[in-house]
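Before any questions on binding or motion, here is one chain by itself as structure tokens, the form predicted alone.
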Amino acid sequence: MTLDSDATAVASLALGALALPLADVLLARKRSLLGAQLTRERRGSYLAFATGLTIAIALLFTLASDGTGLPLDPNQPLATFDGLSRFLGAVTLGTALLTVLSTNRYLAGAGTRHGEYYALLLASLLGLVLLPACTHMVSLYLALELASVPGYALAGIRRDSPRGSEAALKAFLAGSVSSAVLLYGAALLYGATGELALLEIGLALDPGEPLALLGGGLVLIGLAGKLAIVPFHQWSPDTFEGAPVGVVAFLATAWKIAVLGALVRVLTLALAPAEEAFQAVLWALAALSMTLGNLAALVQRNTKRMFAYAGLAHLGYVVLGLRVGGAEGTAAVLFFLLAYAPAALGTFAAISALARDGRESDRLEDLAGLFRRQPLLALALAVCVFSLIGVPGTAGFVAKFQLFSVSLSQGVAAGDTGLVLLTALALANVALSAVFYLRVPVALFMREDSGTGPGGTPGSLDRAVLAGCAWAVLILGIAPQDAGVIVPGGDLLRLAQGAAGALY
């Protein structure tokens, strides 16, 4: 049954988050295990294996779900497991699993306690998996906070790093304000409709009532702040720069995907009657995010900050799909998120793989001449960057083509000049993004080694994660309709359409 599979997936993450600190304490008291001396690095490897196994179990149960839309509790439908939650839950869990695999060696070099890191990651992941399934304002807020609070601690997990403390503080302050705004918006919606369930809010909402519009607008602002959509983005580049690269990979992929799932729920269920009233807001958010994100990325030399600003631009493309709305627009957004995940994860996995003793290769100069030192790693990183640009033959091209073609056709068919102009702006921004993205392959293949980087040597798991990301990017770009090698069942475009259809 769907309920059994999804409930088991959630329970496995919860048990893992509770059991991992205990396992860390027990392993720390032992001198040897299985006949081998239990060093700090080996203990970290055991904890990483336990975390990866927990996530893998949750992922398998999520994939086993048939997504028929059963509520977690029929008597109080706070969360409903349907095609949308299954699709985004699987993508979130998959990216988190690859993040765990790619950060074990980095944590050992940085001297970070593995038990704390993995327990916080599992706790945050539990909230993220629940987020796309939430159909009630109370459960949505609680899941968002469950995901957020461990995320703040993860950003500052390196206590010896002043930049890490700054990253955690800025994420905490911005996240707290966003949560308060969202909660106040939910209270106003309750005052206007007398309901807290998203579907019931949508049925009772009067788009002509100022209180309802104000409440809906504040909920959107709260979620936009959590996502760092422009103009609520100020915390994101600083947090990305100061946080450990594994945390950055988690925030840039699993975090954004799950919170966007909650935003899709709110727009399609609670705020559907006021769609016309919020179209101008979505238009402005999309235009600002894609344009300011790409312009700011042009002047960055730190790769983590550059990819942070580039991520803002990609959020702008996603909001464009939300502006389109309907089953087609939502399906294009879901496939876009699926295609974005391995490309973004691969770029940060490369930075993590080159780290040494906690020092990261987070400057463009550190990547100079990498092809001569690590040819396979350089090729995998280049493939991921090309996908972020949208080069034909990669997942990014297929995702952008789907999204822009849907938005353009809908705009022309409906005579929506604003949507057509926004699509044209998105295409111009894709061309603009190539200017800074191409600096990465230029450094990889055409520059001499500066000798200033950390000079870390990738481990076997690092290479496997990078190869897997590049492989997924190419498979999704070449044959998205026949990708059974990634997900049993194959046609990922159709899976995205089916997940979107659960809302309409």
Partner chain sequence: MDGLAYLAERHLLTSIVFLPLAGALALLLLEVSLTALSSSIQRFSALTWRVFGLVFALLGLALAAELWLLFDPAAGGLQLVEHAAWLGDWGVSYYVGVDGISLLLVMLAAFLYPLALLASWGEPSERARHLVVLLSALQTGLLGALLSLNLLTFFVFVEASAVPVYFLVGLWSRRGSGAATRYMRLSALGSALLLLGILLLGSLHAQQFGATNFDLFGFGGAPGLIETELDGAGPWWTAQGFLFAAFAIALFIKAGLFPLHFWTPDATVESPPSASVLLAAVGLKLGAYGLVRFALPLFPLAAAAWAPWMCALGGLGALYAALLAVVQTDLERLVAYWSLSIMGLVCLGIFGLNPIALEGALLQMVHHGLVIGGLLLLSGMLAQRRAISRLGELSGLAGSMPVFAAIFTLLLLSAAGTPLLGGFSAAWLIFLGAYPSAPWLAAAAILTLGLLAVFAFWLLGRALFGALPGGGGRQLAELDLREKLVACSVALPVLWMGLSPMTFLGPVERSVGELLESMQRRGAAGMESGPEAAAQPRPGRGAGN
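This is a predicted model, so every value here is computed, not measured. Numbering follows the first chain given and starts at 1.
Beyond the structure shown, there is the form predicted together with its partner chain, which is absent from this document and is the topic of what follows.
Visitor: Among 53-61, 457-465, 39-47, 470-478, mark the stretch whose residues have heavy atoms within 4.5 Å of its partner chain in the model of the complex.
Guide: Correct option: 470-478.
Visitor: Please state whether all three residues 181, 192 and 224 have a non-hydrogen atom within 4.5 angstroms of its partner chain in the model of the complex.
Guide: No, the candidate spot makes no contact with its partner chain.
Visitor: State the residue from 119, 398, 287, 312 whose non-hydrogen atoms include one within 4.5 Å of its partner chain in the model of the complex.
Guide: That would be 398.
Visitor: Name the single residue among 283, 404, 141, 172 that comes within 4.5 Å of its partner chain in the model of the complex, judging by heavy atoms.
Guide: For this set of options, the contacting one is 404.
Visitor: With heavy atoms only and a cut-off of 4.5 Å, decide whether residue 371 touches its partner chain in the model of the complex.
Guide: Taking the distances in the model of the complex, the answer for residue 371 is yes, it comes within 4.5 Å of its partner chain.
Visitor: Residue 273 versus its partner chain, in the model of the complex: is there a non-hydrogen atom within 4.5 Å?
Guide: Looking in the model of the complex, residue contacts with its partner chain do not include residue 273, since no heavy atom lies within 4.5 Å.
Visitor: Consider residue 416 of the chain shown here, and say whether it contacts its partner chain in the model of the complex, taking contact as heavy atoms within 4.5 Å.
Guide: Judged by the heavy-atom cut-off of 4.5 Å, residue 416 is in contact with its partner chain in the model of the complex.
Visitor: Residue 442 near its partner chain in the model of the complex, any heavy atom under 4.5 Å?
Guide: Residue 442: yes, in contact with its partner chain in the model of the complex.
Visitor: What residues of 429-447, in sequence order, lie within 4.5 Å of its partner chain in the model of the complex by heavy atom?
Guide: Read in sequence order, the residues that approach its partner chain (within 4.5 Å, in the model of the complex) are 431, 434, 435, 438, 441, 442, 445, 446, 447.
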